[in-house]
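Single chain ahead, written as structure tokens, the form predicted alone.
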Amino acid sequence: MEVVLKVTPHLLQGIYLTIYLSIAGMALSLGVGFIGGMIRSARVPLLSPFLGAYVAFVRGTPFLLVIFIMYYVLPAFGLRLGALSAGVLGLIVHEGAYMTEIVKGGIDAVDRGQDEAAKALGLTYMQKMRHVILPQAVRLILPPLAGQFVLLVKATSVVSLIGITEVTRVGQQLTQRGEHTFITFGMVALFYFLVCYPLVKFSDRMERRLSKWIETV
């Protein structure tokens, strides 16, 4: 108990930073995903092939390399970022690629008859997406998005390698100073579990509901 009371204040500081990275990464990469997914689905000239190349590059590249590019390579081109900014940007670039494909897959899975009916009603592209396609696509993309959010939260631990003192980095620093290794990293693991497990359960529940919805369609 003495060890827990001693390390908790330090871990809380790291937890705050981990939560900040997770929320910022989720919100901004989700925006990238929706915009990129709509462009990819609409097959916009020039933009769609560019996004395709971006997605292929990120999906074929380790997240750690993306972080290193943001922090060590961009300064060579005159763009110098702090560790926190580089970490958030790395999360956005990496997770945005996966979310782009998730959103594209959801939009493409909507029955083509819905698209034709919207065109017959004279709806503009944005009206069609807002009122017809996206409400149906959201049902399809929520389960994989929840799963991707879990991966994003766990990916925040990687940014510790560029000096960001999120909760994993704090745990490492505490053990290097002589704190009890098992208890310290056990508390770090408990934090990730408490954050990720509800997201996993939500994803599973949404997948079950989606299966029932598809059966009734």
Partner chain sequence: MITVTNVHKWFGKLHVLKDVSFKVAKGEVIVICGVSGSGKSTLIRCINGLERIQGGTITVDSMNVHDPKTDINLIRKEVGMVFQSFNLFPHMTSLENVTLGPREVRKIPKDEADRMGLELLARVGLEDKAHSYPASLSGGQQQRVAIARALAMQPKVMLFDEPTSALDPEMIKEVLDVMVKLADDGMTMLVVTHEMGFARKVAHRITFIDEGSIVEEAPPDVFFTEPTQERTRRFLEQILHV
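All values derive from a computational prediction rather than experimental measurement. Numbering follows the first chain given and starts at 1.
Below: the form predicted together with its partner chain, not depicted.
- In the predicted bound form, at least one heavy atom of residue 121 sits within 4.5 Å of a heavy atom of its partner chain.
- Among residues of the shown chain, residue 80 is not one whose heavy atoms approach its partner chain to within 4.5 Å in the predicted bound form.
- Interface residue remark: residue 132 is counted as part of the site for its partner chain in the predicted bound form, having a heavy atom within 4.5 Å.
- A residue is said to contact a partner when one of its heavy atoms sits within 4.5 Å of a partner heavy atom; residue 108 fails this definition for its partner chain in the predicted bound form, lying far away.
- Of the candidate stretches 68-76, 81-89, 111-119, 143-151, only 111-119 contains residues with a heavy atom within 4.5 Å of its partner chain in the predicted bound form.
- Contact with its partner chain in the predicted bound form, defined as a heavy atom within 4.5 Å, is made by none of 10, 13 and 22.
- Taking its partner chain as it sits in the predicted bound form, the stretch 138-154 comes within 4.5 angstroms of it through a non-hydrogen atom at just one residue, 139.
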